[in-house]
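Taking the form predicted alone, here's one chain by itself in structure tokens.
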């Protein structure tokens, strides 16, 4: 029997980036917020203190800051014709565990998506005609414009002290920045990070080929910084331990460092750790939710937490799972194309090519998570797709994130996988190689979706989220095109050995690290027939339920999604201030 607790004003499921940003906006206006987070607190622990902070086995290989796959995983099938199987080892994407969520172990790469991304369907139809989008590719507009989100992008970048170089300030293209970026009101809060040797080589090559290279925008602090809330960042030491690690120098922008210390000082804020949310309570007749149920993982006690407002701010799969289990919204049906919950599930189609320079010292251990250089000429719809048999594209990057001793081993094609020759190749090439990567779009397809697995359950006895996903022809053709463009850049760089450059092809393999970005399942839009939530992230079938995070994005860009996710969360925080004062449809 669950213990019923005192009602709270706003309850947020998931204690990650979005919860922190929403809570910042709400508590600043005196509104009470309770956050429920299934993990604990890693701050001031081994994860951010030397020498344990550099333990690659613990944090990288064994995913110490990531969801425990033995407790809760997902199942996968590549089509509706296959039987699903549980994923036992996940590398493709890494849900966070603990206060701060995945934005604690993130690399720090920060993008604003293209100005046309929130109106992608309108953009593609206006440029190429309505027949250019195949019927099975279900891209759609978000119902909100980039212009509406710009001030929230700006606020997030200031809160997180993002280092970078603007390419478009108030419509004026800036030398040294990305000429394709959406217009911004201000320069980045901090200058860009120092270039690595790999970045210098790539930049010189790209310029020689007539492209416009620019430094990657980074949640790695290029200097000491104090944000608008008085939270401080130290300067990056270029130690190469960003991705999947906390930062011992406190130079990586994380919720644990920049949001939760402020919130914990506010009397209106509470976070309960080690609390796993089991479900959302739904009044179908009243079209409202009444609260959530959760399990205290330390005591084993179950609680019922009533709320005036519930926000689902968890990982992509969890947001969809909670709606599917509660029956809030119509479940997506790939046969008819009707229904919305689980629709538009997307990953990212990435590829790479290795370069080997016997006469250049690359020194991969001198790096940050975002010490990269990019070109954007072949990303998204920045180039003309007329006459091509695909839509979308990818950013091409030289981002040397660090030469970790276990994973940071790049050897030429044909090298034996073990033995004396393998050891010698490691010694010869460790300091003389790097990779170019193409992080590319993934547009939604009618056959890629999420639902509840009918056969497998997690440690709590609840059904696993089932992924039905594989690379469809649009992404296969797009990856072939972008990978060949990337290979041409690699060949022009003067490396002794290049390759192989392998485009993304099926089947989708969760054991391979490609990016960590999955979106969709609870997508936003102006039409309730094709979206779970409104442009203000309010559920169409429950007026006091809101959903935020990557799950609301209707497609995946060739950029990391953190920027738009953060902007949408800050905007939702402001919307909820108004909603709490006068509950209604926003």
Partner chain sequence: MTPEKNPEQGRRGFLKQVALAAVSAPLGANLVAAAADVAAPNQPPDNAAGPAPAVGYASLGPDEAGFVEAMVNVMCPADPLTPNGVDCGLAIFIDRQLAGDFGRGARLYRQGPWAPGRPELGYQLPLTPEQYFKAGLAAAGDVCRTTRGKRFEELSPEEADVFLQELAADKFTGGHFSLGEWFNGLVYPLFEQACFSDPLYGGNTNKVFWKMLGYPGLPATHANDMVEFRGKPYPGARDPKSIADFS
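Numbering follows the first chain given and starts at 1. Fair warning: this is a prediction, and the values are worked out from it, not measured in the lab.
Here the subject shifts to the form predicted in complex with its partner chain, a form of this protein not shown in this document.
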If you check 138, 516, 305, 196 against its partner chain in the predicted complex, which one has a heavy atom within 4.5 Å? 196
If the cut-off is 4.5 angstroms on heavy atoms, which of these, 404, 133, 144, 326, is the one near its partner chain in the predicted complex? 404
Contact of residue 68 with its partner chain in the predicted complex (heavy atom, 4.5 Å): yes
Taking heavy atoms and a 4.5 Å cut-off, does residue 477 contact its partner chain in the predicted complex? no
Partner contact for residue 510 in the predicted complex: its partner chain, 4.5 angstroms, heavy atom: yes
Its partner chain contact in the predicted complex: residue 63, any heavy atom under 4.5 Å: yes
If contact means any heavy atom within 4.5 Å, which of 458 to 466, 225 to 233, 379 to 387, 308 to 316 contacts its partner chain in the predicted complex? 458 to 466
Would you say all of 204, 501 and 567 touch its partner chain in the predicted complex, counting a heavy atom within 4.5 Å as a touch? no
Residues in 77 to 105 with any heavy atom within 4.5 Å of its partner chain in the predicted complex: 78, 82, 85, 86, 87, 88, 89
